[in-house]
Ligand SMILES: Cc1cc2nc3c(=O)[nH]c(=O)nc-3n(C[C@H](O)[C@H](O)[C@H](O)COP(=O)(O)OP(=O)(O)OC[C@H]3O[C@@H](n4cnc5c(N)ncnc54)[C@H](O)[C@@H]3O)c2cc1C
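Here we start with a single chain on its own, the form predicted alone, put down as structure tokens.
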């Protein structure tokens, strides 16, 4: 009799784990709480699915922030299931990819719906049973596992792989309600926080009125960490990839703050030279002479300056105090989840043989740019390997 594996969660992590395990001969059932699987996958691909990134493995692995996981774990995992593996998988399903200059890898047709449709057809052909509207409400770590569902019959499985997502985008099913099931079992969970999200600032009216305008080609610093990128003015503060990448640093600060270099390609002395004949209206003169965009101009004009040197130094280190991050429900992703110390190197829960975790429900985070989805797929592959190895140790397998 084939061993039964239950996958809890129908996002990309759960779907990929189901594909791997069913291809290896396991009787695989996927339980999804909402009306259909892949809801968040479709939402992520609404503007063009950024599947992964083409940067070298060493620097790719360094993008992951996972303080409770062992050092070097992401490099080991990505070596076993790499971005190239993920691109080949998409192409086999009829969705070839392309890499942009910035390293981001997209589907050529920039739609996730076709890929999801082909993916679900493959799962059906491999015998995967998908049960929607099955929200897990009880988990008894016996052998076999006893699974209880809201308004649904009880089920059982020899192994359980949970891929329930993090705490952001609750409208897609990632609502973190699963934490109420795992905490009573003694599994340590770090509270979820907003990651890859906007931050709030008390803007003067002149800046707030430019919501939607970008700050292009800037260098952003938080604490000792600095990177080049782009920001976007919003009515409540700032958004943008550079800000997302600095999220872990900002959350660790007692008073989160940013310093923005509005002209990173020019030293202060060069900016002052360009202001040589200016005698007043320092901010507006600087904006014209330095060819600043509307958003950068608004920032300079929101403050008073005492001469060319003063405005040049201000443009090179424009300080902003942040009130805090936007609510978790608005974030692209979340930080927090099941602590890595609760899992072995195959993502099985310590002391609970046969129970595995994968995806964003584990305590790790990464910036946008393809790293989030790659992390979900890679962790699904690692956990699926762990399920197979563990089941092989059971008597009669």
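Positions refer to the first chain, counted from 1. It should be emphasised that the depicted structure is a prediction, and the values quoted were computed from it without experimental measurement.
Keep in mind that the form predicted in complex with the ligand is not shown, yet the notes after this line are about it.
- Within 4.5 Å of the ligand in the model of the complex, a heavy atom is found for none of 145, 161 and 347.
- In terms of contact with the ligand in the model of the complex, the residue from 355, 372, 69, 342 that brings a heavy atom within 4.5 Å is 372.
- Think of it this way: in the model of the complex, the ligand has a heavy atom of just one of 302, 172, 213, 82 within 4.5 Å, and the residue is 172.
- Exactly one of the stretches 132-140, 262-270, 72-80, 292-300 approaches the ligand in the model of the complex with heavy atoms within 4.5 Å, and it is 132-140.
- Using a 4.5 angstroms limit between non-hydrogen atoms, residue 359 touches the ligand in the model of the complex.
- Contact check for residue 376: a heavy atom falls within 4.5 Å of the ligand in the model of the complex.
- Using a 4.5 Å cutoff between non-hydrogen atoms, residue 8 counts as a contact of the ligand in the model of the complex.
- Contact check for residue 55: every heavy atom lies farther than 4.5 Å from the ligand in the model of the complex.
- In the model of the complex, 10, 11, 12, 13, 14, 31, 32, 33, 34 are the residues of 10-35 with at least one heavy atom within 4.5 Å of the ligand, listed from first to last.
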